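Single chain ahead, written as structure tokens, the form predicted on its own.
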């Protein structure tokens, strides 16, 4: 996997004055894909784990626009990283075929998800063992 296709933190420019701040995120400029779908997660308790899947085709950028959360990503080859999302002008780029788990949501957390594809349930891998078999060419 090339460096550009690895999960990584991203920082978006923010503009502000005494009135507050504005953060702009544009597809194919600030993030490496055209945005086809936007959704957000809120109201999840601190002990809830969301995600628990990989995607065959979709790439994502996750941004906590309010509150905080953590995201654990695994590539199936022994590499695992935990990212803390705690600033509304930062996000995580997640390429396709990365296992993701979102958790440790603050009470006020709103996790914005930008996706490169429209929703297709068939491209989701929801079993970690199946994900590992695909990564290692066994499926």
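Keep in mind that what you see is a predicted model, and the values were worked out from it rather than measured. Positions refer to the first chain, counted from 1.
The same protein also exists as the form predicted together with a small molecule; that form is not shown, yet it is the one meant from here on.
Comment: the small molecule is not present in this chain, but in the predicted complex one of 56, 50, 70, 87 has a heavy atom within 4.5 Å of it, namely 50. Among the residues 114, 74, 41, 31, the one placing a heavy atom within 4.5 Å of the small molecule in the predicted complex is 41.
Heavy atoms within 4.5 Å of the small molecule in the predicted complex map, among the stretches 62-70, 31-39, 75-83, 88-96, onto 31-39 alone.
Though the partner is left out of this view, residue 124 does reach within 4.5 Å of the small molecule in the predicted complex, counting heavy atoms only. The shortest heavy atom separation between residue 119 and the small molecule in the predicted complex is within 4.5 Å.
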